[in-house]
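Just the one chain here, the form predicted on its own, laid out as structure tokens.
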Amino acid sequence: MEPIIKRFARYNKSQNSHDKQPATRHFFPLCLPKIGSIIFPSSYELLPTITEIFELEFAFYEYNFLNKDEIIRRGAFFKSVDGISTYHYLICSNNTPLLWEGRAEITKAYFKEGNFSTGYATHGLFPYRGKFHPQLIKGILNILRIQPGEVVLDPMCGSGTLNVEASIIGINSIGIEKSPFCVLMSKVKYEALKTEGDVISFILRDIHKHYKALTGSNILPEEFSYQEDFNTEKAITLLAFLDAMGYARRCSKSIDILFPSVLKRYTGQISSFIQVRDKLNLKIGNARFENGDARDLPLEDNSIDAIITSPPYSFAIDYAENDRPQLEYLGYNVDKLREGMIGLKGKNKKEKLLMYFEDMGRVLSEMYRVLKPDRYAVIIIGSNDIQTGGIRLETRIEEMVTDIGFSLDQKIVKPIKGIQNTMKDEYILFLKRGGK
């Protein structure tokens, strides 16, 4: 996979030898229409939000790896082909405005600008800190040519972004996660993809009754238990309640005011997806989630067709503390949970880094073990030099995977967009496991 910017640089040099300006990220947005018209036929229309090099690069790979019908059904960076709107464009275009209504202007702008990349389908339910870029994940699935019937794994699945994306295009997936709250979040987002309109009606009908039950105790009421018998209606309501709980912690509004608006935002977005899902006759893939440890995966050797994951940004986010209200409400001991979370162990920066890389070595070895020969693991990782003392996490991971047996096939830089970020870029590492 040759980076698109190199390909354009060669073309630009041959066609405009007098133009000495290099093809770099800073020059790229100014010549985007020119690049697009060179690379793609006029019958292929890019999404209107394509403004970064990595987006054009992924569009180029989709154009080369997928046929026209596949781009329409599962492409992530095109608006239309031969005048036919892509499923991705239709799904995103059907987003409810409730996603941003009533929010601060900066939040509104974030959701509107990310309409085709972050907030569609059920990704907008509890927008978790440090989560994957959903559109990017769909693009990676396409680059890896993962097909329905195959299984993709995220051993540190967080809020389940990979599982949602895989399911939308009919691919089966497994999500492993240490935090039980994240397992709940992931499962709700996945189950909401498959739910029906009458469930949404029941949620809105019972909003006051359920809110009274949820606020009647400092811990999760037994009727909302989700471990043995997962009730989609109550689980969606519970997640909205936990979302409002966290929101109330960050602002001056009370949960009494926030909960109804959050729940209506959830039901509005799910309803919007249901409409387009049924119109397009989408076949949702199977996903399963386990509260487990990426350092000791409960999976057989050579059983996974692809792995896409992002190590926790624990040097930027203390996930245990960030989710303390939700975890305690669900009945978990946060301090005990922290002891088993990657990146949160250690008394100082040096000790934390040492233990982080020790844990990641075990994770990478497990990824190699469960991945099928000649298949790919993709790691998305970034660094904050201040928080890591100048140590580049992605560089160290590259060194570690080579020792384990992976080969680095491609490395793509992706700028980070968001409301509050401590890193400017992430690195997408395509790692290939060798054959038998």
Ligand SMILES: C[S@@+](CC[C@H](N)C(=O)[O-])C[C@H]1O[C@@H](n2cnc3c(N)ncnc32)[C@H](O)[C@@H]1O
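We number the residues from 1 along the sequence you see. Predicted model, so just to flag it, every value in this text is computed and none were measured.
Absent from the display: the form predicted together with the named molecule. The rest refers to it.
Residues placing heavy atoms within 4.5 Å of the named molecule in the predicted bound form fall in a single listed stretch, namely 177 to 185, out of 82 to 90, 177 to 185, 68 to 76, 245 to 253. Shown without its partner, this chain lists 285, 312, 124, 139 as candidates; in the predicted bound form, only 312 has a non-hydrogen atom within 4.5 angstroms of the named molecule. With the partner omitted from this view, the residue of 277, 295, 324, 264 that lies near the named molecule in the predicted bound form is 295 [heavy atom within 4.5 Å]. The named molecule is not drawn, but in the predicted bound form it has no heavy atom within 4.5 Å of residue 331. Although the partner is absent from this view, residue 156 contacts the named molecule in the predicted bound form, with a non-hydrogen atom inside 4.5 angstroms. Under a 4.5 angstroms non-hydrogen atom cutoff, the named molecule in the predicted bound form has residue 319 among its neighbouring residues. Remark: residue 342 counts among the residues lining the named molecule in the predicted bound form, judged by a heavy atom distance of 4.5 Å or less.
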